[in-house]
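Let us start with two forms of the same protein chain, each given on its own as structure tokens and named structure 1 and structure 2.
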Structure 1
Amino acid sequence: MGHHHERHIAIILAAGKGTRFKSKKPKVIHKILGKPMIHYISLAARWSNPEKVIYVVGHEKQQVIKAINCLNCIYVEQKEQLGTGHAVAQTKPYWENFEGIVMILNGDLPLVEGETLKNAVKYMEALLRFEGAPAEGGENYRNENIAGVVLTTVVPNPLGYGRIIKDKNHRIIEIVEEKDADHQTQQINEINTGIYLFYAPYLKEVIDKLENNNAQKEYYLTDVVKLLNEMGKEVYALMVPDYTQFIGVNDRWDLAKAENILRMKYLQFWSYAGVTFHNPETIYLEFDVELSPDVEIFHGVSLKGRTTIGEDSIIEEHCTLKNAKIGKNVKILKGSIIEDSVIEDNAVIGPYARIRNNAVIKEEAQIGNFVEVKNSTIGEKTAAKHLTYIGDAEIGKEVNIGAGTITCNYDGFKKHKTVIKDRAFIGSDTMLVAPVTIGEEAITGSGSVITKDVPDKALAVERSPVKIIENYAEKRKRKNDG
């Protein structure tokens, strides 16, 4: 028998308000590790390689569509939230003539793995073409009895979930909601995950027959299973062992728990890829972060946005990196903050440095404690080791910047540029009043306010002569004794 795969499409339900979030924002756009929650189920769905992806949107739909950010996806509006069955019914025009499988997913299940969905599709395909197929039927033989698959899992505490009642062949007899479950049924801990695969032509026959005679006045997808059974069609349970994949996010505490699980999963992934984490439960890292082998990361570090870190780099305790591009063998010492900036190979940053707004720190440069660098380029082997502010500056290589140096880049109206050429020596506590250029190998005397350009190899000193008053202490004392 040839490998003829059924085609399938994915429907992702994202119309709900998420009342328990107590939020102005729709639930599915709340972030997990820097990405909207809906991003994760979308990724998993794409992993199963569907022909098309349909999102059902409703509450604050523009925000949701923007967060999903998918150009070739289909968006269907559910104008009033009348339940999951009603949501799927809205999408019917897109699959009513479809011969394959419709996979239905919930936008608030961020931990489901792509592999799980891929396997579910494979399982459904296998059921549709079971082994007893007559040889001459070949490719096109289909088991007429098969209508669907429900993903199930076994949870330690099934309270609140729909329970799965099935026969010994895993055929679902009934899905019983918590409120309808008698004492015996409540003991069952195999539950409905809310992920369904249906054979489209059969789904089409029953989707409009759903009724809403329940307390919530909603149309439920679980009733689709009941209607298919009544038609004499079979729906099977596919039990997924890892129940943590199906932790649904209904409130912000669920969100925190899901984020924690995902964070540990990603830390584990990078750890297997060659990264050392010390005290990983205190380390935060987002979805887009890229790490390299032999990177070492200590307690309390936050890695956000599109941060990348090259081989052999060390990030010490309590540093925050956001959209930072870190080269190889860089040392970022404790308490430093780097945002939207580039640190090249072998540089040393910190402790307690702040680098931001498109700063570029070149190879082997050193930026020390309580130094802030903003929108500036710092050349190779240049050192600014203490208590300095460098803003809107272009600094060459092998420059020494003494403690307390400040670029006075702002005149109250506008930002101006400071240029310091190669191998200049800036004495401690120099004020560089921009726009100003310091030439190659030029020197500024400590405590100077530099308002003019300094030529190459020149010395610029700006100081009042020192006044010394003899015996001043004695005079002061006599005056006070009065």
Structure 2
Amino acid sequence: MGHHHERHIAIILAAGKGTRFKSKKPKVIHKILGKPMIHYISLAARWSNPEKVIYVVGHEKQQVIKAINCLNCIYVEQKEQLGTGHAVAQTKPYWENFEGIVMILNGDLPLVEGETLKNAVKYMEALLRFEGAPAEGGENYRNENIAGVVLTTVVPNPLGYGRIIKDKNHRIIEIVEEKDADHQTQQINEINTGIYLFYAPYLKEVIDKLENNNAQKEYYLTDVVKLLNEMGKEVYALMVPDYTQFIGVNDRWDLAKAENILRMKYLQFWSYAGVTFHNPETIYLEFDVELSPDVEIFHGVSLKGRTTIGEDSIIEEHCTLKNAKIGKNVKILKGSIIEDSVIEDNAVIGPYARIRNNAVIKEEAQIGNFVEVKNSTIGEKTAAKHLTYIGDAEIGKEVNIGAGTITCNYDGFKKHKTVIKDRAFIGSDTMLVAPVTIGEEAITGSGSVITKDVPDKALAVERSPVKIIENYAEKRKRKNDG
């Protein structure tokens, strides 16, 4: 049917250094909620369903391409960062014969929502097609005056942004950068968000005509508007009311602000999905985290990486979970740290427990205060409730691990394995010198250093006899007096 103008491509500008970050790393790979900043605008761009996504990269381009992590995207190099207009000019070979919309996005806009871009594309399509009544051309009618749309917003403090100068009909006459603005222009608080949609055939006419005779000696993309006007074409402002989506992240304080805004959005999302947060201002959660209904999360909790939490689980104050898979109805008590591990349904962990390196805590097990579990499996209903280190161990079900028990898994050269079979009873302060196996229902006496395997149901004690000296206190006193 020839709806050529309904197609669009996206260009994301990510070649800049981000000088104000004062960083060794390129700006757009700095992280927000565990993902490189560029990830978020990429997601939003894809939400609008473009035919292609083109990234302009330059400064430390390999690092940036790696962070973008998109196989079917196009990467165009901008060798010298001569400005946003120059950046777009580098991509021209990819759209010079394209009869559609080119959507251009600054790479430092992590808060823009996909829906905003989708609506912008729709708006541009509507302008191209329906300005006035469709003439004889019918469905294929195109308004030949329309060259583009710039997303704008009104901000309380426009400092640093390009100002929008427009006529009464929302047509933009010019965009003036902060550094080129006179006092009067600086008063304008409608700003350029850094999101543009241009009709490709017209953009092609002007993109190589940009000049750099401005305060920053750069080729500004924003000057395209003036050039299009000179061609007799129109660029419209699409003003978006929610200005918080358009924070341009230029320094690390902007990064912190953007992260906070996004964090609150995600907390709100999970809250509406059935999660209770106490004191959400203090809760940190990353992009890949997944929560379930009736999860309850308290003050100061950090949820990182691919952490998932099942229904009815409670995470108490100041816990950190990273790549943790938490089952249903689990209690993670105050101050516990869980990394790269699995906690199955109905288990209780903490307070102040540390679980790491592929540990698996099976159903209804209890891991108590000051217990560290590393690379070990703890069977169903097994309890290790106080002051214990369990490393490289395989522990069966219904085992009781007494306070102060330690698996001595490291001999200075290698790590060795400890096996404790079902229903064994490990007395308090047992040292299990690995490799060692404790049989089913076997018992170790408290304070024993176990260096041999213990058969099923046996008792192993390693302990010197207790010597009792009667009246020793009196003797000692006399000795001191004498």
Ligand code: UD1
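In this text the structure is predicted, and so the values were computed from the model without any measurement. All residue numbers here follow the sequence of structure 1, with the first residue given the number 1.
Each structure shows the same chain on its own, and structure 1 is the form predicted alone. As a two-part rigid-body motion between structures 1 and 2, the smaller part of the chain turns against the larger by 7°, taken from C-alpha fits.
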